[in-house]
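First comes one chain, alone, set out as structure tokens in the form predicted on its own.
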Amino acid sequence: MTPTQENNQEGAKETLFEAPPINEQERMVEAILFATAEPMTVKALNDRMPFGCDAAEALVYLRKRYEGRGVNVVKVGDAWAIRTSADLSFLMQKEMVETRKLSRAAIETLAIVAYHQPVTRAEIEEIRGVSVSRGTIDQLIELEWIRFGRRRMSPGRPVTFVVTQEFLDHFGLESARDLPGLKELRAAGLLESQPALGPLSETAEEDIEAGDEGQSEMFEE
């Protein structure tokens, strides 16, 4: 059999399987997102759906259909999830698990990573003005709020840190660009509600206020 005949045969097989109607694809995406606890990427959705389905298109219709409802289809990083509408979150307060409080060092480190990612440990220490203990980094990694990023193309090839999809999902953010500014954090009482932890250092506050969007150096895996 020639290559052309093989291609024609494969094409004939593909045509035997027509993609379901878009409304059916929408139902499939809805079922998958409803049943999974973690946000799912478009690729992961397509992998679960029948041949020929377009999860991205189905998400457009599904997201519109859920607008104004008690739950919404939201984007978390590069993935999608079904989440309770923000204005109804107070109804879930009794079901929420109280997590342990972060230390001042952990809060400052997390803020620096979020606003300056990708950032190295040395850069975190330079911004804070003090050294960062391994325990602080380990705690944030254990919480799955930060993870290792790409190594920087500089002497020593230092590893960088970036926030995770779990971090974005926990705070209801689509991307790190949606992070609030320092004034918004204070207005919401997030920096003053726990005086025992102490305020952010002056250097850290200045960097958050500046809203640095990250470094522009070249990276590699």
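From 1 onward, residues are counted along the sequence shown. Since this is a predicted model, take the numbers as computed values, not measurements.
What comes next is about the form predicted together with another copy of the chain, which is not displayed.
- Although another copy of the chain is omitted here, in the predicted bound form all of E26, S85 and L88 have a heavy atom within 4.5 Å of it.
- Under a 4.5 angstroms non-hydrogen atom cutoff, another copy of the chain in the predicted bound form lacks P158 among its neighbouring residues.
- Under a 4.5 angstroms non-hydrogen atom cutoff, another copy of the chain in the predicted bound form lacks M153 among its neighbouring residues.
- For R65, a non-hydrogen atom is located within 4.5 Å of another copy of the chain in the predicted bound form, even though that partner is not displayed.
- Although the partner is absent from this view, R69 contacts another copy of the chain in the predicted bound form, with a non-hydrogen atom inside 4.5 angstroms.
- Of all the residues from 117-140, none has a non-hydrogen atom no more than 4.5 Å from another copy of the chain in the predicted bound form.
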